[in-house]
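Only one chain is shown below, in structure tokens, and it's the form predicted alone.
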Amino acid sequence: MKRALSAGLGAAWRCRALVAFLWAANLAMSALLAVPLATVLERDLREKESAAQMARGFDYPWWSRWSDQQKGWTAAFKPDILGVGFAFRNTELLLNGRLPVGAFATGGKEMAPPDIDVDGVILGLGAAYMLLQVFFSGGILGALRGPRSSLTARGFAHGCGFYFGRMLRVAGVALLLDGAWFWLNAPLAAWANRIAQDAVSETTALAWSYGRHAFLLAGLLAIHGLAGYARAILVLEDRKSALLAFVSALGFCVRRFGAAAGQYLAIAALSLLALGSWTLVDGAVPVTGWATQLLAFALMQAFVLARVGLRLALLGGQLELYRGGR
């Protein structure tokens, strides 16, 4: 496990140009919503007293009045997407089936908060972003599979195109498994929710409520880990069947459960450490004007860059672990 973790982090460092490219692609995709939103906010704040307050921080009364008037994707502009709020918001959306692309939303509608729905424009952009990730994954694995994790623009472009069909099939199988997991989890979640509602102790109610969410999240993370090994198998062994790659990935993870789970959990822990660091930095940097806004933006993008690097480290470690343990 330590060797795979070290190899994955080393591969991500050697391919830091690829990390920077993926970060830039992420920034460009987010700008498709961020720039129009900034235009709308600039128009609606023009010559308003609240403009100065919004520049220094956040004017909640103005936002509340403005938000009540919004229809469509602009209504998603809320305080919980600022700072570290996005991490909790996205986790909530995932566990209620609104992510990815709202595919599993019907599974938990009865237990979902009324404001958990996501506008179709945002879901559509999310679907396009997922497809872009699938397209890039072949080129990423092609760059990471070599002993020196070499990267060339031509090799990356070739890997993206050559493996796209296989990566798309892996993503399709993973979505089917996610859907099956939501379907299997629904009666268990409803049962746990009833017990939590009937509990006389607040501690017991919270334990059942958080427990059912943790169980669902653990299954989704397990499917994500299997998908990573399925991609590695398709690239390392030049296979074409995504379903058989998942079967092989499951067999490998059962045989090397400690190493596979340890490497995955180590990357997850580093991701949580990066999020915690961003939380501390975000709280220590008060946004009071353009200079601090630019600083906060730069710090946030540094956090995103770290997350991209850790994603590559996860893939690189999975390649190394499978290559050494098959």
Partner chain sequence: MTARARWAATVVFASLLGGALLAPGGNADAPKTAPRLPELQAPYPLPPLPPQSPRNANYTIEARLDPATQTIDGSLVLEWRNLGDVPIETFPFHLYWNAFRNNLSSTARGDGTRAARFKSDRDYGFMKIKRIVLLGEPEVDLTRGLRFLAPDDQNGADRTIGGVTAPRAIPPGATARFRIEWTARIPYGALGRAGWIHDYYFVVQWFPKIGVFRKDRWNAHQFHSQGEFFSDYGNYDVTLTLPQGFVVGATGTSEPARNNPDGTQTVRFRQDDVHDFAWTASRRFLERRSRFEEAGYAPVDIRLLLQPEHEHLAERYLRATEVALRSYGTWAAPYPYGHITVVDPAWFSASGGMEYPTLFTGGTHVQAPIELQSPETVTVHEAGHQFWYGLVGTNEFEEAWLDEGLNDYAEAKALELFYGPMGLGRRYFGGKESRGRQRGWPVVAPGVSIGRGEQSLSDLRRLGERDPMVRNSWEFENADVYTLNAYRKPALVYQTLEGLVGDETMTRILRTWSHRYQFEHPTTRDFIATVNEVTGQDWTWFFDETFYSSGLCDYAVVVQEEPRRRATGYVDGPPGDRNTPTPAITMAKGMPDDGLTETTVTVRRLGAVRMPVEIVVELADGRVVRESWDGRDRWARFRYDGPKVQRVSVDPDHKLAIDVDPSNNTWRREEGLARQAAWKWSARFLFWLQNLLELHTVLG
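Only a predicted model underlies this, so the values are computations on that prediction, with no experimental measurement involved. Positions refer to the first chain, counted from 1.
The same protein has a further form, the form predicted together with its partner chain, not shown here; the description that follows concerns it.
- The chain is drawn here without its partner chain; in the predicted bound form, the stretch among 234-242, 156-164, 252-260, 209-217 whose residues come within 4.5 Å of it by any heavy atom is 209-217.
- The three marked residues, 57, 133 and 278, each reach its partner chain in the predicted bound form, with a heavy atom inside 4.5 Å.
- For the chain shown alone, residue 311 is a contact residue for its partner chain in the predicted bound form, at least one non-hydrogen atom being within 4.5 angstroms.
- Contact annotation: residue 142 falls outside 4.5 Å of its partner chain in the predicted bound form, judged by heavy atom distances.
- Looking at residue 151, you'd find every heavy atom of it more than 4.5 angstroms from its partner chain in the predicted bound form.
- Using a 4.5 angstroms limit between non-hydrogen atoms, residue 86 touches its partner chain in the predicted bound form.
- Applying a 4.5 Å heavy atom cutoff to its partner chain in the predicted bound form picks out 45, 46, 47, 48, 49, 50, 51, 52, 54, 55, 56, 57, 58, 60, 61, 62, 64, 65, 68, 73, 76, 77, 79, 80, 81, 82 from 45-82, in order along the sequence.
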